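Here you'll find one protein chain in two forms, each presented separately as structure tokens under the names structure 1 and structure 2.
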Structure 1
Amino acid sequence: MRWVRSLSSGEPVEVIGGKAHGLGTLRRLGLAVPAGFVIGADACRAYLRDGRLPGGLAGEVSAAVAGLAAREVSVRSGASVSMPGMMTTVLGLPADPVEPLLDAVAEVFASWHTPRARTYRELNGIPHDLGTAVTIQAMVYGDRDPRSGTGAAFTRDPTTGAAVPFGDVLFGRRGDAVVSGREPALPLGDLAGREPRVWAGLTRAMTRVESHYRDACYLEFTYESGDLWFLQVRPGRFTGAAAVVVAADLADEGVIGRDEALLRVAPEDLRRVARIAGPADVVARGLGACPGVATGRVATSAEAAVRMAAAGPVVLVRPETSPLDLRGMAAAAGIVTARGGPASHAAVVARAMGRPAVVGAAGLVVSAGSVRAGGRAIPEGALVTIDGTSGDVALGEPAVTTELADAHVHRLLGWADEVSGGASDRPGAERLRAAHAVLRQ
């Protein structure tokens, strides 16, 4: 059996994983991707079954690494379904000799069964027997010199759906610093003034990937000494009001039809348009990372969130989140972090779980059992409300509005009116009628 595949093989996502599949797409679109190869998910399943790397894999990896002509490589997981931050990643590994590289591959395979990965799959209905592919690529360095950096970008704003580039950038740093949220990231637009050539390449890439996927997209990138490289792409998976806006705008632009626009709006998206309304005792303000409003008691650790959730809704408040916080994030009604941006672990996982979230709340200091915000001490257990669109964190339970007085919603409503009386044998007719009913509420 052949275990190693080319990134340009075009094989199904079930074989080479979502990361490698996206990298192959980027290459076909003419975008710069570091040289690399992928070990298919079938090798992971064999490893999990037998407790060792499958026969023949070492020779294939050795030959593939020799073809990269790279001194250092990255080793990243890539299941067919996105599992952000749940499995091991190894960066900057010596490529020769190959033995440490094979050890890293085994480590990534073994991380498929870590408690956090199993929990994430259970929460999201992902089968435990899929296994993960592993992508190995030549390293590119965002910390190489003053003309290097890294970032994560959405082709549209994931909170509002507005058609503007949105995301995080860090100058002189590696990509893991952006995703972890442990360093304060800068707005993506700051890249335009600092590296205009890189910015131009990034915005051109955004246009290409949106055209290919026919949807808002997410990109990870690094630029080294002024040269731009892409490390990941996938559809943006927006929720709430952002999903409504993107669906309507793409239909208006002729990218998708009106029927498809309605199919892309789930009933849950319409329920996540809630906003804090009227006077509110706002104690902190950050970036809205996932739309919706959540009210609950403050929990300052994952363990506290799980314990307190048995008695009612909680809001998990952390300096930043990591995969170790997953159970607490799942138990919480909403999530707040002091650090991180729209591409941080907290933001990405919150959107995947549909939890309202606020990240990068300036002036928020989180310690065991209490939070300080706006010069005020907020004890664990205090009632707070967060707005995942505006980024507000307020004490108590202020008034909330779910008013859908928005031009995009009204356009979708009009389209739903047009199709709701259609013949029952139309493709997706039942789903369209369901969308129509929700829009009419």
Structure 2
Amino acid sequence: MRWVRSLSSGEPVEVIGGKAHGLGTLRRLGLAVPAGFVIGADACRAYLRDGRLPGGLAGEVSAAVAGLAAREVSVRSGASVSMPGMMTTVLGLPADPVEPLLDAVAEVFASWHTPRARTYRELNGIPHDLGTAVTIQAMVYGDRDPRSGTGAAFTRDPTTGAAVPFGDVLFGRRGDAVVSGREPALPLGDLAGREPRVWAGLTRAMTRVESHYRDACYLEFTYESGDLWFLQVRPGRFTGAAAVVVAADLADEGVIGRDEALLRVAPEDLRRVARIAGPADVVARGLGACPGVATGRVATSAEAAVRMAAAGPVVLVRPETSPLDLRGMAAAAGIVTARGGPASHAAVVARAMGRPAVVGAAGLVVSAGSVRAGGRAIPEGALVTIDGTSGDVALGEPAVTTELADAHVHRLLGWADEVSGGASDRPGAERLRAAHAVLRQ
């Protein structure tokens, strides 16, 4: 085999890509990964050079697919560096005959050169000649029966860094549903009551991947008729308060050294940003698109936002935004949209105006004069609070803090002063930079 490798090959990430490398790691940790194989990035480079799949690849893929004994397969891109959402993924493709499968591989390879992917690489300093590997795996079905489902999980809370599992689950749905955010997902914890055996398997896996990566991790999983399968793993790469808390906790647990903990926190992570702190009645969760907290009365149209803003702060809640909403956004203290991601018109405008914003809160159904979230109706004028860091939308006015996990910050900066020999009466970012300068010598 020249182009095709087994998932357990243990070859470097430059050859088989980050996704396959993670799957191989999961397998070595004794976790269930659907049968599959990977086509190395060298085949992509040959394709991009010659304009066709390299000779011999068809035969190798044909033999490898036959070995999977699968009716349907998934075809996923995976470069050696993360390029989320930039390239093509094909799910549920029949494994026989092989020709459509080879077409899908060529499509994934070709997606390396879409202008958007090129621009993403330019922005992130990723070389254009890397190419992507392609992972082909037997499909597992999160929508097979009522005892099936799919989810995405962090081993710790990515907003606070607290050592509790955090994420989303969709019962009876396939993996693409939860990652795309098209459907409202449930909190990950709901899995514990509904499928205790799957939950136990998931939390066991979390312990194993954390001790392997020595960091908080992100996992994608599907369970089919009660059997748990893992589809992706990567280190969590937390930022802000969560980065501080995880680094300090891991150092306290002896998982990493204090020097490494210091190097994992950036000076920007110490910036103080308002966040919901107290117990909150969270009715929806989206993605934080502009940090900060806004409390105000719900307005479901730009006109209502402008009218109501005269009497006090307003939170504009829209399905998504059009230019007709611009003045409502200007009048509002905070913005929520049911659809869209961090790179949407609403998110760009919210950041430009400096308004805390939550986008893609898929659980919200916005109609004229009211919003539904889960089974609850929130009328126009109801008081809500939004957190543009965590993406939480809560009823009422929960406690807000700009403190940044102070015990953790204090501990971490104490270590920084020990490293730099500097004084503790300087700003936090300065103390951390001084330690970094010593550690990076």
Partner chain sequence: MFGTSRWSEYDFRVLTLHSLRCAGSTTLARLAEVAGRAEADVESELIDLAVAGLVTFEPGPFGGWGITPAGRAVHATWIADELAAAGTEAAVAAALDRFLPLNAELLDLCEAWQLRPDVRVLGLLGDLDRRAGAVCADLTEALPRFGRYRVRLAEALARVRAGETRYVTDDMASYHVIWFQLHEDLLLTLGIPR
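Between two forms, the rigid core is defined as the largest C-alpha subset superposing within 1.5 Å. Bear in mind that the values here come from a model prediction, so they are computed numbers and not experimental data. Reference numbering: structure 1, starting with residue 1.
Asker: Which number belongs to the form predicted on its own, 1 or 2?
Answerer: Structure 1 is the one predicted on its own.
Asker: For P313, state whether the C-alpha moves by 2 Å or more between structure 1 and structure 2 after rigid core superposition.
Answerer: Yes, shifts by 2 Å or more.
Asker: So that I can tell if V366 moves, could you say whether its C-alpha shifts by at least 2 Å between structure 1 and structure 2 after the core superposition?
Answerer: Shift of 2 Å or more: yes.
Asker: Could you check, with the core superposed, whether the Cα atom of M353 shifts 2 Å or more between structure 1 and structure 2?
Answerer: M353 C-alpha, core-superposed: shift of 2 Å or more.
Asker: Fit the two forms on their core, then tell me the C-alpha shift of G286 between structure 1 and structure 2 in angstrom.
Answerer: Between its two positions, the C-alpha of G286 lies 5.0 Å apart after core fitting.
Asker: Once you lay the two forms on top of each other by their rigid core, how far has the C-alpha of G391 moved between structure 1 and structure 2, in Å?
Answerer: Rounded to one decimal, the shift is 3.6 Å.
Asker: Taking the rigid core as the frame of reference, how far in Å is the Cα of S322 displaced between structure 1 and structure 2?
Answerer: That residue's C-alpha sits 16.5 Å away in the other form.
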